[in-house]
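Given next, in structure tokens, is a single chain: the form predicted alone.
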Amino acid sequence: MKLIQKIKETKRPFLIAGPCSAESPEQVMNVSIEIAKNGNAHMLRAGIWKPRTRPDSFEGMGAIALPWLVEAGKETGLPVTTEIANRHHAELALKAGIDVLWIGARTTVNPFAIQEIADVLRGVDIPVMVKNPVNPDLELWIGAFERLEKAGIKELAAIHRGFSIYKHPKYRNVPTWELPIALRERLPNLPVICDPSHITGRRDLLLEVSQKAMDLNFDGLMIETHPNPDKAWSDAAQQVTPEGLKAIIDNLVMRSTAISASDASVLDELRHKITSLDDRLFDLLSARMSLSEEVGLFKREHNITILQQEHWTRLIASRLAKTDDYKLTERFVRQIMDAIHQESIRHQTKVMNKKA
């Protein structure tokens, strides 16, 4: 199966759908038929082995369920994919005839596990999709692709499923969109699929996150779909029915990447104005850091520490109090101020510890 070609040739979004967990032959077959009937899916998914956080959770039916998924693929004419977490899973999935493998977030974080899987797949012509690691580490994500490439795997795609965080008020896994954007910058030919099910952890946010992924020009979506989500054996809150899946896809606003000549002219003018403002911003930042060096020299001469916590706390509070006036989010202002502060510390450190 030429996965990359299929994704690139498919009108966005390339859709992967199916239950979080394969629970029975009937469940897998019935939901697959309903998904296929809607005509908007391009691949079926089902969890065979479930790497659960706690040991007493449902951890999947195991290898006995592999034929259920393969048969559903044959019945619907759609390729099938499942998650593998180790070399044993890879061997069993290959033997069963799974069309596409995906490596989960808990596995991507472990280079030893990735290398074992790569060794098993060496010389095998099968597409592999790799989810981001649970923590926001771009190099770990890229490293997984490199290990698979070295093993001869040519058909690769990324799945963005968000990153673990403690008690986020909105998301199960925060999307941290800058990471998949950076991945595309480093690996521009790599297809990127968004997994809004794991980002949101709740079905009412699936459309919102799916739309954001499409607006960022992601290639596709992986959405968990179950015939009766509320009674699912795993991750019930984030799954939708086949009808719910169709509603999400039907309500997506698909915007074009192509720009007409007249639109390009308007955008170029606006971008020129933005570039001019950016130039001024960096000139101001450069001037600010020159003043930071003067502050550093003063502190050196008077034997004062670089970090003055009370001053920094007051400064941050004053900026955050004005976020509405700036028309900027509190998170953005905090990030900007933290970055400026760290760069200021770097400049002060340079002059304060400069050897005579």
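These figures come from a predicted structure and were not determined experimentally. We number the residues from 1 along the sequence you see.
Omitted from view is the form predicted in complex with a small molecule, to which the following refers.
Checking 98-106, 72-80, 251-259, 118-126 against the small molecule in the predicted complex, the stretch whose residues place heavy atoms within 4.5 Å of it is 98-106.
Contact between Ile16 and the small molecule in the predicted complex is not found at the 4.5 Å heavy atom cutoff. Within this chain, Cys20 lines the site of the small molecule in the predicted complex, having a heavy atom no more than 4.5 Å away. At the 4.5 Å threshold, heavy atoms of His226 stay clear of the small molecule in the predicted complex, well away from it.
The small molecule in the predicted complex is not approached by Pro67, whose heavy atoms all lie more than 4.5 angstroms from it.
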